[in-house]
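Below you'll find only one chain, the form predicted alone, shown as structure tokens.
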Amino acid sequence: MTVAQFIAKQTRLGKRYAKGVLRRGEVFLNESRITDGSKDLGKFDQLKVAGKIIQSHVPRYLLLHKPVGILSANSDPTHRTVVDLIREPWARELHIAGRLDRATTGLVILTNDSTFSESLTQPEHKVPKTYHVDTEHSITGEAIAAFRGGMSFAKEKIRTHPALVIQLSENSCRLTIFEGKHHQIKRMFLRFGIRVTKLHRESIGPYVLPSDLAAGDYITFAKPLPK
């Protein structure tokens, strides 16, 4: 939407009013006076008209350490959600960029910037997601080879991108995947009769969970990091 269109719609005073305030130099876009109403208005741009701010949306970006038992959702009638953990007046503006199931801990990114969240979650971007995995049974060489070669999932009709695997012990590894299908990691291990007992997400793309960030706490950052 252009600046002129937004002014006309938001003030409910129509196109003639929008043209008038632009012509008189009464419109400021991000603190700069403009007279050209054909400029596109971004959702995080500040727009002031005749001394009044009519749009001022601040982009929000958070890294949260999700504890066990917390639901990756904006709201739920029964369970506490990741948004319930955000102690900010604008918490309800946020949505989740990459969910975790209730039993999984670790990094969750929340934002009100849909372009940013889509850059992390759209399959074609193949954003790496790294997890620490603990298992009930030994992690076999056969399983590791299959993960590194890519696996077929009939339900989603996909073949996964080759995973990165670092074995840490007989029953633990660090695993990086590039998708994020429902219970994907647990399903990968179960194919070899190996049950996952603990799953913890350490990073999404360039975003790493700080080692000193306690479960249930979060930090904000001003803008997206370069990929």
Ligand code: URA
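Just so you know, these numbers come straight off a predicted model, no measurement behind them. Don't overthink the numbering: it's just position in the shown sequence, from 1.
In what follows, reference is made to the form predicted together with ligand URA, a form of this protein that is not presented.
In summary, among the residues K186, R174, K39, K48, the only one with a non-hydrogen atom within 4.5 Å of ligand URA in the predicted complex is K186. Among the residues E88, E142, D76, D101, the one placing a heavy atom within 4.5 Å of ligand URA in the predicted complex is D101. A residue is said to contact a partner when one of its heavy atoms sits within 4.5 Å of a partner heavy atom; F147 fails this definition for ligand URA in the predicted complex, lying far away.
In the predicted complex, L199 approaches ligand URA with a heavy atom inside 4.5 Å. Between 93 to 101, 76 to 84, 106 to 114, 149 to 157, the stretch whose residues reach within 4.5 angstroms of ligand URA in the predicted complex through a non-hydrogen atom is 93 to 101.
Heavy atoms closer than or equal to 4.5 Å to ligand URA in the predicted complex belong, across 107 to 146, to one residue only: Y131.
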